[in-house]
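Only one chain is given next, in structure tokens, and it is the form predicted alone.
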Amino acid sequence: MKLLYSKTSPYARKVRIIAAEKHITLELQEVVLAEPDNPVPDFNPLGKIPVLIMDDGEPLYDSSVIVDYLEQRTPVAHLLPQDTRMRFQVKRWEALSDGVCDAAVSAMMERRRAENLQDPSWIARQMTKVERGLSRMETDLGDRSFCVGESMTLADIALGCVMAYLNLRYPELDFDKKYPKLAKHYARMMQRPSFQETAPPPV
């Protein structure tokens, strides 16, 4: 199986961590979405990464679909609980983490436009979503070591990926002071080889 990805994509990182934790080997093809010969639209009409190209050539997207597929590929290191209620709690954490990422990416793309073309109100709306999402996750996590249950799940991986992206793109958010429980959780996740090996490069 081949994964089309970029090193800074939090969504692709989530897939790479899942694969590492479950000992699934993926062929990695790094892509640059802005390049004219970028192959992603040939496999995902939305032009987004990650895309998993399965052995028979059929593509899977988006990251939530890919991780569900990888989870069912092997029983090694179950990252989605078998209990239905806990499973949907994990998927809710994933949805909120991905939603915070969506808003943060949207704001970053707007900031990259020429200053006279930027819409400050749009950026503010997106960053409000980010801060609301982080506040909710800070409250929901509380003093627990893991988001759901007593071991690492997809919820912890999704949360770790969004925290890494925000640390990379929005260092001014000052997580240690504003969201100390999330910061502590991320520091704990970064002790795992799967997180260390997929860490985004500094920009």
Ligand SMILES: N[C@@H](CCC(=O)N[C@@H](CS)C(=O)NCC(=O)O)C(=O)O
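A residue's number is simply how far along the shown sequence it sits, counting from 1. All values derive from a computational prediction rather than experimental measurement.
What comes next is about the form predicted in complex with the named molecule, which is not displayed.
Enquirer: The named molecule in the predicted bound form: within 4.5 Å of a heavy atom of each of Pro10, Leu33 and Ile49?
Expert: Every listed residue reaches the named molecule in the predicted bound form, so yes.
Enquirer: Could you tell me if Asp62 has a non-hydrogen atom within 4.5 Å of the named molecule in the predicted bound form?
Expert: Yes, Asp62 sits close enough to the named molecule in the predicted bound form that at least one of its heavy atoms falls within 4.5 Å.
Enquirer: The named molecule isn't shown here, but in the predicted bound form, which of 151-159, 171-179, 130-138, 40-48 has heavy atoms within 4.5 Å of it?
Expert: Heavy-atom contact with the partner occurs in 40-48.
Enquirer: Of 94-121, which residues get within 4.5 Å of the named molecule in the predicted bound form if you count heavy atoms?
Expert: Sequence-ordered list: Asp98, Asp102.
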